[in-house]
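The chain below stands alone and is given as C-alpha cells, in the form predicted on its own.
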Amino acid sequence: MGNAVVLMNQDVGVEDGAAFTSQSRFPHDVTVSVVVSLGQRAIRYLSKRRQERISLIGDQLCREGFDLVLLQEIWSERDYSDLKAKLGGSCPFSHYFRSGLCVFSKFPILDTLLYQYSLNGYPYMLQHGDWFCGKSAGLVVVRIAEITVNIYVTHLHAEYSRDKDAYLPHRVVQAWELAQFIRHTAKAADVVLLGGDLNMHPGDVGIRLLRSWVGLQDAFTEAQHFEGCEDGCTLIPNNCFTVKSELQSFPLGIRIDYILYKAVSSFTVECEELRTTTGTVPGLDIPYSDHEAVTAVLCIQRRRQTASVTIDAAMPALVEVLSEARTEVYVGLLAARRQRYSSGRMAVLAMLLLLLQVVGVLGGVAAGQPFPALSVSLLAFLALAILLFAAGLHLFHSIEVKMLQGTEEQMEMAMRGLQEQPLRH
C-alpha cells in the first residue's frame, strides 16, 4: 500500500511557518517536499498489526508536519477518522474518497474528483481481491500563492506473476485511463503531481505510456541527489510484510512506487533530492508498511520567459509506446473473447441440461414411472447454479471485451492523430 505526502516550504527568506495568501507576490522559487508510499495495507481483520501501524504513521506525520498527505489502502473509515484526528492540527482539511484513497491538507481543498477504472481484475479471483477494492484515481486541487497544483493519487492493479501476468492488459488500460484523466483535468493547473503505488517496474509499458503521453518526469531519474535503497526500490525482500516468493527474481527488490510531476510552460520543476526509507520504525521491529517510503524535494520556479512551442522530437518514441500498449490490450481482448465464448457455451449447456431434466420428468410422469424427487431436485439445483454462474461470467467478460475494445480504439485514434500532425507542447 502506498501514500503520498507533500510539504510546501517557501524558500524566499521569510520566517518559518509563514504562508502565502492568494494575493501574495509569487516568489522566485518554492520548495516542495513529497513523500510517497508510507503505506499500511490497512484491511480490517486481515492486515497484520494494522492499528499499531496506523498509529505509528499518524504520529510520524504529525512530527514531520507535512502540509499535504495522500494515502492509499485506507479501507476502513475508522482508520481515516483516527488519522484525521491526529493530523487535525497540521492538516485541518481532508477528503476521504472511500475507495482506499484519502487526502489531508494544510491548505484549503478547492476541488476533488474520483475516477474509477473500468477494468480491475476478475471477481472470481477471490485470493487477489483487487476487483472488490474498486481501484481508482483521486484528484485534489489546491492553490498555494499563485500556483494551482493538481495532485493525483492512485493505486493500480497488483502484479502477482511476472512470467504469467494475466492482469497486464487491465493494468495497461488503467495506465491509459489515468493518463487521459490527468490530461483532461490538468489543463488549468500550473503544476501536476502524481504519487502512488503504480505496481509497475520502471521499464514496463504501462509506466512508459503514462509518462510519455502526459509528459511526466520521474523524480528518481531526475533527482540531483539520491539516498536510500539501491535503485530506489520500494518493495524489498528484507521487509517482514513482503511476500518473499514475489521477489525471487529480484534480489534487490523492485521500484513500484513513484513520484511523477510536470509543469506548464510558465513554470519549471526540478527534483533536488530523493530518498527512501530503509528499515523499521525506530525502536520497533516492524516497518511502517510493506513498501518503503519515498521522499522527494522539488523546486518550482516561474520562467522568466514563456517557453516557445516546439515540435516534440520524441513523437516517434511515443507512437512506438502507444503501439506496444495497444498490442498488450489486443492480447487481453483476444483472451476476454475466448472467456466470453467459453462462459456462453457453459450457460447454453446448463440450459440444455435443465430442459432435458424437464423432458425426462414429464416423460416419466406420463409413463407412470416418475424419477425420484430428491435426485431430480439435486440435478436441477446443480444445473441452475451452473447456469447462473456461467451467465454472470458471460456478462462480465462481455463488459470486459467492450472496455478493452474501446481502449484499443482510443489508442489507435491517438496514434493516427500523432502521425497526421506533430505533437506540440
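Please read these numbers as outputs of a predicted model, since none were measured by experiment. Heads up: residue numbers just count along the shown sequence, starting at 1.
This protein has a second form, the form predicted in complex with another copy of the chain, left out of what is shown; the following refers to that one.
Asks: Taking heavy atoms only, is residue 95 within 4.5 angstroms of another copy of the chain in the predicted complex?
Replies: The answer is yes: residue 95 has a heavy atom within 4.5 Å of another copy of the chain.
Asks: In the predicted complex, does residue 117 have a heavy atom within 4.5 Å of another copy of the chain?
Replies: Contact with another copy of the chain, yes.
Asks: I'd like to know if residue 139 sits close to another copy of the chain in the predicted complex, meaning any non-hydrogen atom pair within 4.5 angstroms.
Replies: Yes, residue 139 lies within 4.5 Å of another copy of the chain in the predicted complex.
Asks: Residue-level contact is defined here as any heavy atom of the residue lying within 4.5 Å of another copy of the chain in the predicted complex; does residue 239 satisfy this criterion?
Replies: Because no heavy atom of residue 239 falls inside 4.5 Å of another copy of the chain in the predicted complex, the answer is no.
Asks: Does another copy of the chain come within 4.5 Å of a heavy atom in each of 316, 322 and 351 in the predicted complex?
Replies: Not a single listed residue reaches another copy of the chain in the predicted complex, so no.
Asks: If we take heavy atoms and a 4.5 Å cut-off, which stretch out of 107-115, 266-274, 296-304, 199-207 is in contact with another copy of the chain in the predicted complex?
Replies: Answer to the contact question: 107-115.
Asks: Among 165, 230, 246, 77, which has any heavy atom within 4.5 Å of another copy of the chain in the predicted complex?
Replies: After the contact test, the surviving option is 77.
Asks: Can you pick the one in 280, 81, 180, 342 that has a heavy atom within 4.5 Å of another copy of the chain in the predicted complex?
Replies: Partner contact (heavy atom, 4.5 Å) among the options: 180.
Asks: Select from 175-203 the residues with a non-hydrogen atom within 4.5 Å of another copy of the chain in the predicted complex and write them out in sequence order.
Replies: Result: 180, 181, 183, 184, 185, 187, 188.
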